[in-house]
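We begin with a single chain expressed as structure tokens, specifically the form predicted on its own.
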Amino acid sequence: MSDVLAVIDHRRGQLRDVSYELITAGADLADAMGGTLALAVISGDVDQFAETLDRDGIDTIYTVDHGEEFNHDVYVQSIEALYDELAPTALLMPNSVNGLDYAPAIAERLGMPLVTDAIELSYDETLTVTREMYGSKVETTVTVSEEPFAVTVRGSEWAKAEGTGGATIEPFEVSVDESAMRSTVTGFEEVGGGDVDITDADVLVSVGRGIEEEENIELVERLADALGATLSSSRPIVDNGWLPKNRQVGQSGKVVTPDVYIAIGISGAVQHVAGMKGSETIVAINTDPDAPIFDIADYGIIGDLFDVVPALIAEFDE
């Protein structure tokens, strides 16, 4: 029987959204392979994480209680020990900052092929991985005929796992070789500064180059305030220095999945779309009826943002 082992992602005491998406991807793959799905929860509050993650489709959740935050050497040693014990056919890891830190080391140590940044997986005797290239302009497929194999999964491409589960939670003892520890976590600093994490926002109002001038951003900020929303932006706004890096949505910024995403003056370049296409509802405001953003928008307003946004502010203020 073929098995899938998925490694969960967490940071600063919080499970990352990709953890729930890994469960969905892993359960689908395990079903196609005729096997079972196991999770690996390493470091942090592993007992609480395991209970929270217990969703439909999981057979066993293995917890490795060692340290609080991510450490490259702990993860590598723990995953290698789990692999030696479980001998899974497929190893799934997040395509996150942490995942991309340890995934290549694991693949090299275990002698298995590694495919990164998967947006779709299918299995029919061999694994087929769909990826994007050239700034998400082209989709490609990679066929992996060698087993076992390792894959990193891009966040926001799979639905979050649901259900109440019923998995077996088992502590897994790993004798971490302290002498092999070559790195130590000394702290955590948010890139770009600021105290706002746009990935946690339920409603995002995002501004693009259509705003024309820095002083015009105040107009969009007023709309965000009226909605109780968080302000974000496309890359040109950050490149111009009008908003800090931690506000940027996109391939080179942050991936967001709010309930509502309002794109104002954003054309919809593939790099930006890659960071927000998982939003539940997308509203676009643009003067160009052929702007790519309208291809993914649930609601579109073709008009000048300097006319539309004040009208929306007045409506919501009432």
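From 1 onward, residues are counted along the sequence shown. We call the rigid core the largest set of C-alpha positions that still match within 1.5 Å between the two forms. The structure displayed is predicted, hence computed values, not measured ones.
One more form of this protein exists, namely the form predicted in complex with a small molecule; it is left out here, but the text below deals with it.
Trainee: What stretch, of 118-126, 138-146, 152-160, 241-249, brings heavy atoms to within 4.5 Å of the small molecule in the model of the complex?
Mentor: Single hit among the candidates: 241-249.
Trainee: According to a 4.5 angstroms non-hydrogen atom cut-off, is G26 in contact with the small molecule in the model of the complex?
Mentor: Residue-level check for G26: no, no contact with the small molecule.
Trainee: Although the partner isn't part of this model, could you tell me whether H72 comes within 4.5 Å of the small molecule in the model of the complex, counting any heavy atom of the residue?
Mentor: Residue-level check for H72: no, no contact with the small molecule.
Trainee: Indicate whether N286 is a 4.5 Å heavy atom neighbour of the small molecule in the model of the complex.
Mentor: Flag for N286 set to yes.
Trainee: Whether V64 contacts the small molecule in the model of the complex should be assessed with a 4.5 Å heavy atom distance threshold; does it?
Mentor: Because no heavy atom of V64 falls inside 4.5 Å of the small molecule in the model of the complex, the answer is no.
Trainee: Report the residue, out of G44, G278, G268, G35, that has at least one non-hydrogen atom within 4.5 angstroms of the small molecule in the model of the complex.
Mentor: Answer to the contact question: G268.
Trainee: Establish whether a shift of 2 Å or more occurs at the C-alpha of I301 between the shown form and the other one, with the two forms superposed on the rigid core.
Mentor: I301 C-alpha, core-superposed: shift of 2 Å or more.
Trainee: With a threshold of 2 Å on the C-alpha, tell me if G26 counts as moved between the shown form and the other one once the core is superposed.
Mentor: Stays below the 2 Å threshold, so no.
Trainee: Once you line up the core, how about K245: does its CA shift reach 2 Å between the shown form and the other one?
Mentor: Comparing forms between the shown form and the other one, the K245 CA shifts at least 2 Å.
Trainee: Closer or farther: how do the Cα atoms of L100 and V256 compare in the model of the complex relative to this form, given a change of at least 3 Å?
Mentor: More distant in the model of the complex, by 3 Å or more.
Trainee: Relative to the form shown here, do the C-alpha atoms of T128 and V256 sit closer together or farther apart in the model of the complex, given a change of 3 Å or more?
Mentor: Relative to this form, farther apart in the model of the complex.
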